[in-house]
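As structure tokens, one chain now follows by itself in the form predicted alone.
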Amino acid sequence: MQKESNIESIAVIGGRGRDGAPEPLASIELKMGDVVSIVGPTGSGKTAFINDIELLADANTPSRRRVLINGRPASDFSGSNSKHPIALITQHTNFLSDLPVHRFLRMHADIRQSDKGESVVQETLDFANQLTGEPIIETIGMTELSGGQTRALLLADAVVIGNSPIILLDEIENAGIHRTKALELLHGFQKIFVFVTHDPRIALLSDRRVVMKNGAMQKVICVEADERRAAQEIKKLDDLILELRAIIRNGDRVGAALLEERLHAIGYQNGVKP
């Protein structure tokens, strides 16, 4: 496991919701190794929450939240890209330069991990190619990548080359990334991962989830054994959806008989689990 030795935890101290009232959840502490989901309806303040973390907020954002690192104000980490401990992977990925993939990664590796060079570049590519169904060709330009390939590569880059101790991901389910594989791989790194998500599978495979409403943290739910069992059933259905998507993409038909056959194969009769 890779570990960032000088970061042990971060805490988000509650501010105020859109109505001006104090947040019902006064604070939440995240420790190295945690995988946390942020859930809530569209417009509930999920993205603003991770933006506050990325900005190391100190009562200077609309929410008035404060972020602490190892129990202390995060001011020592602000204002310096080399010391900033957070990587944010958003839904919007634009590149100012159309460098080939390999050169882009090698330049970053030379800056962040010059002693490892080529080996860390290959590790990053291998990681990214486990997340996307479309293999990434290292000689093509960054702007030629699909949305899913781009998000997979940026995530792998943040985890492996950047070795960021805190990684924030905004709606990874919309990126064409293999979600279960991503969570399996990420659990192997001693980092803090925070997912903004609408996806029940991601939420139920996280350690905890923070519920947002009206711009405020409402509560924390710890994922227990019964929800993890539910996640396994959701996985079967999700894998079926992925299979049907691949069939349609390949130009084939999906009929009622095929659907019934596939449902029967995963233990469902007439669309209902016995």
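Source: prediction; values computed, not measured. We number the residues from 1 along the sequence you see.
In what follows, reference is made to the form predicted together with a small molecule, a form of this protein that is not presented.
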{"property": "Per-stretch contact check against the small molecule in the predicted bound form, the hit in 203 to 211, 233 to 241, 29 to 37, 59 to 67 (non-hydrogen atom, 4.5 angstroms)", "result": "59 to 67"}
{"property": "Partner proximity in the predicted bound form: S44 to the small molecule, non-hydrogen atom cutoff 4.5 Å", "result": "yes"}
{"property": "Exercise: H178 in contact with the small molecule in the predicted bound form, heavy atom 4.5 Å", "result": "no"}
{"property": "Exercise: I221 in contact with the small molecule in the predicted bound form, heavy atom 4.5 Å", "result": "no"}
{"property": "4.5 Å heavy atom contact, E171 to the small molecule in the predicted bound form", "result": "yes"}
